[in-house]
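Listed next as structure tokens is one chain, alone, in the form predicted on its own.
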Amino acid sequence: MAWLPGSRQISAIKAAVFAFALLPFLRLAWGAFSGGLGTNPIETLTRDTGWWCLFMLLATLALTPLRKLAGLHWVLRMRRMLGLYAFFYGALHFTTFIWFDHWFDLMEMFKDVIKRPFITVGFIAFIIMLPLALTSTNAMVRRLGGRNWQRLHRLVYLVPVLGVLHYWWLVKADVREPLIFGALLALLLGLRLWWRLRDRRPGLAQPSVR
């Protein structure tokens, strides 16, 4: 039988996950304040915020397999929080790009987006994340309607695909970390596809897998 924590235990777990997800930001903020980001602090900020954005995206996608394989239905209560953390680190990643690389010169930024493919896919991923973050509240679910909201939020599967591609094209030589992210993403999406195909067989129910 799967462990079923009480409401207080779930609140404590959510608080612990929230604190863990915030730690990378606090570490970077302290490093920026204390001069502890190495010889190239802008590169460190860009790399780390992008890495944690992708990590949070995969952590969000991992919740459904964890629920289905381990019977831990309560873990889905973490999905919105982790998704918003993914957007938070993605927004920081984009901010370092537009601020330190282009000093908020939008024309130069768009020229860079068009000219460099790895920036193009990263920019598209961030643009997709914007409406997902803005419509993450219960009020927006009611306003859009459940079916329309679900259609919109299926775009969440495209974001990490673009993120892995962005990371792969960025590093060029040492692609070990993008490969690991890509393999984990393929596993998570492959499980969803297999479950969907299995549930479409005649005589079987067709539950929604997100």
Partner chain sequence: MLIKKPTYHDDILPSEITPRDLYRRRREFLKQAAALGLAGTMLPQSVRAQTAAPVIEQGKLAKLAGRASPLSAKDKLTPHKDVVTYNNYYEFGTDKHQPAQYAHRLRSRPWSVAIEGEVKNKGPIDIEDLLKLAPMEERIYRMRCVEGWSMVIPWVGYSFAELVKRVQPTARAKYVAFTTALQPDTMIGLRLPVLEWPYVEGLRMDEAMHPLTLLCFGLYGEVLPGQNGAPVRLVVPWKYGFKSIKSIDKITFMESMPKTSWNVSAAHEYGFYSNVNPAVDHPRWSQATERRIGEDGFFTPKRKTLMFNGYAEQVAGLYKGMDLKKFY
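Numbering follows the first chain given and starts at 1. The structure displayed is predicted, hence computed values, not measured ones.
The form predicted in complex with its partner chain exists for this protein as well; it is not shown, and the discussion that follows is about that form.
For the chain shown alone, residue 145 is not a contact residue for its partner chain in the model of the complex, no non-hydrogen atom being within 4.5 angstroms.
For the chain shown alone, residue 110 is not a contact residue for its partner chain in the model of the complex, no non-hydrogen atom being within 4.5 angstroms. For the chain shown alone, residue 41 is a contact residue for its partner chain in the model of the complex, at least one non-hydrogen atom being within 4.5 angstroms. Under a 4.5 angstroms non-hydrogen atom cutoff, its partner chain in the model of the complex lacks residue 105 among its neighbouring residues.
For the three marked residues, 20, 63 and 89, no heavy atom of any sits within 4.5 Å of its partner chain in the model of the complex. Considering its partner chain in the model of the complex, the lone stretch of 63-71, 45-53, 137-145, 156-164 in range is 45-53 [heavy atom distance within 4.5 Å]. Residues 103, 115, 116, 118 are the members of 103-136 with a non-hydrogen atom no more than 4.5 angstroms from its partner chain in the model of the complex.
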